[in-house]
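One chain comes next, on its own, written out as structure tokens in the form predicted alone.
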């Protein structure tokens, strides 16, 4: 079942085109990553999908509901965490969760149970009585994300949810999200500038730039499509003038002397280049201390796709 579908989605502000013909088909029960540089149109697409603004042209279907005809029906079934901080400064973390449950008409017994579960899941027990105004940015962000889980929803929009979180809190949140998708069938629409997060969490990813979708696929397939280049590093004992001379004839080959002598190859034909370099190292009696091959990561693919579209 399609959770989100858009056709020729466009949004124009005066002479500025923020979203330019976006077509999306997102299946239910997955984490869908939505990546792009600042100003690419990510936040505008989220506002369109969550019915906060109306499109200039195009159609939107969310959870099988036409957003133009029944926006309130969509809002009842989704959760949204936007980039902007949202909290009541005088409420404690605990009371903030409980109040959010009341707003969604969750009964008292269920509210209490979910509050305890979420305080534990998000590592908030020690600060449960602290006022939101006294919390750090990362702690407030955790409460902001946690409170969305006070109510039942089929689709959750998370716009940069890990801003301000330390590495441990970030990983705990990502693992919690994965479990929710796995166990409840929740669909998550996820934006981030931390590409390692997207690679760890997302089942499929769309890359947007200048309001247009540049690529949509799973992280592994994006690597297959755009990640033909590999980086091979060879740590060696010494670098002689003879070695330098012979290596200078090989394209895409660099020599770094600090912090230790290293030969670095960046090539789409790294295996062939590697064989030639190993031959040269053998001819010059150069001892190899270590060798490693590093495949292209999602960040490099992102930079390539965005760079090619500019």
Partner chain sequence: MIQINPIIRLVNRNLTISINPGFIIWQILFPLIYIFVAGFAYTALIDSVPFGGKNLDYPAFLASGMIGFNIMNSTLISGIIIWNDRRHGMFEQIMSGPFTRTHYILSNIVTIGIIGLFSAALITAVGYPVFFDSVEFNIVTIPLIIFGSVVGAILFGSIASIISVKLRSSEGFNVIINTVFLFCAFASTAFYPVQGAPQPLATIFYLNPLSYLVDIIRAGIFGQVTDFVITEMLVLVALAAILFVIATKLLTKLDF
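Remember, predicted model here, so these are calculated numbers, not experimental data. Positions refer to the first chain, counted from 1.
What comes next is about the form predicted in complex with the partner chain, which is not displayed.
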Only one of 60-68, 251-259, 45-53, 29-37 gets a heavy atom within 4.5 Å of the partner chain in the predicted complex; which is it? 45-53
Since exactly one of 127, 82, 194, 215 fits, which has a heavy atom within 4.5 Å of the partner chain in the predicted complex? 82
By the heavy atom within 4.5 Å rule, which residue out of 233, 113, 75, 225 makes contact with the partner chain in the predicted complex? 75
Give a yes or no for residue 91: in the predicted complex, does one of its heavy atoms lie within 4.5 Å of a heavy atom belonging to the partner chain? yes
At the 4.5 Å heavy atom threshold, is residue 105 in contact with the partner chain in the predicted complex? yes
Check residue 171 for me: does it contact the partner chain in the predicted complex (non-hydrogen atoms, 4.5 angstroms)? no
Is there any non-hydrogen atom of residue 147 lying within 4.5 Å of the partner chain in the predicted complex? yes
Please state whether all three residues 178, 182 and 189 have a non-hydrogen atom within 4.5 angstroms of the partner chain in the predicted complex. no
